[in-house]
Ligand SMILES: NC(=O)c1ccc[n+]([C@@H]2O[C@H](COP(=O)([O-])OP(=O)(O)OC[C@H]3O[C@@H](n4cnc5c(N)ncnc54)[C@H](OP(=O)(O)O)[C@@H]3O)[C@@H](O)[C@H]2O)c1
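What follows is a single chain, given as structure tokens, in the form predicted on its own.
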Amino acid sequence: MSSTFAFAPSDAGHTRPTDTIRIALAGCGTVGGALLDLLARHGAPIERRTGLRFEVVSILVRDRELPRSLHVPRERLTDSVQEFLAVPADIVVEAIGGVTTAATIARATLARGQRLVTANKALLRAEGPALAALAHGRAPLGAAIDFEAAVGGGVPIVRALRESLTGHGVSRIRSVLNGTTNYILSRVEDGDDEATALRAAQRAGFAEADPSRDLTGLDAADKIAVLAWLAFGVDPTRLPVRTLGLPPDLATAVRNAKAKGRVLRLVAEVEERDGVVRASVAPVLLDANDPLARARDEENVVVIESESAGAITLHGRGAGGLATASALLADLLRASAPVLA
């Protein structure tokens, strides 16, 4: 099997010469594997439209012997961080999760003047400002950091706050940011008990084997802290986020909400008022017409309130490898323009 995603150019619609972008991928689990599948399926159309050919030159994994998709070039696998970082690459994609190893990879990548694309909200919550400062300092060498996939899956909230809504006077963000809990809530609303709903979420690839960070609200807390950093410039490492997860008797809570004509959702919110930024994650009873109440299954919904643009609602798939991988691919495409300059 070919070890790259270098597809032969087609003469149909191919209007520019091909440039090869070397990708080093840290992590080949649900998200990393889905990204490789996307590159394999869509590499040829991307090349025809953009002239970009993505070549995967190294893949860091924890266990080289695990069964993997046919789209994974096994000869590129390594379980050594040092070997992974030694392979020349134009863009490093970090989808390995956690903080310790991910931070080592991120710092080394940016220090060498490479572009980093990450899906890691915990890393950004812990070290986002430090990594951004490092990227800024190495910018003359080509360093930059992109992280659309870290918050919201396929919902382009990061790009909106970094680019489109800068200067619009954002005052508040209300959101459903955890697709796992939202999927569980949807199934319980349809009659399942919580344990059955959780197993269904795990089978569908929306919940990890250990879903505790989702169920306790910690995953959403990391994400809303990152959005607070983007929207209000606060340091996410120092921002306290009041965090409550799903209630212990979820079926009863959902029934009580229905009896009141309301909808229960795990809401992540951040607001700036009188110069003070406050953030929280908590189960909230919502009016049925609230945009957040209409989030179903693995969907994420974000409502951004701003002075000049009013209320803007973004929604899309927020959980699962495919949604996150699509955001990684979008960042790869945007990140490739400076690489080719």
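Throughout, we count residues from 1 along the sequence that is shown. All of these numbers come straight from a predicted model, not from anything done at the bench.
Note that the form predicted together with the named molecule isn't included here; everything after this is about it.
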Complete contact of P156, S175 and A268 with the named molecule in the predicted complex (any heavy atom, 4.5 Å) = no
Please determine, with the chain shown alone, which of 43-51, 273-281, 303-311, 60-68 has non-hydrogen atoms within 4.5 Å of the named molecule in the predicted complex.
-> 60-68
Could you check which residue among V263, A228, V72, A95 gets a heavy atom within 4.5 Å of the named molecule in the predicted complex?
-> A95
Considering L292, V56, L38, C28, which brings a non-hydrogen atom within 4.5 Å of the named molecule in the predicted complex?
-> C28
Mark I184 yes when one of its heavy atoms lies within 4.5 Å of a heavy atom of the named molecule in the predicted complex, and no otherwise.
-> no
Heavy atom to heavy atom, is V117 within 4.5 Å of the named molecule in the predicted complex?
-> no
Interface membership of T101, the named molecule in the predicted complex, 4.5 Å heavy atom rule = yes
Distance check, G205 to the named molecule in the predicted complex, heavy atom within 4.5 Å = yes
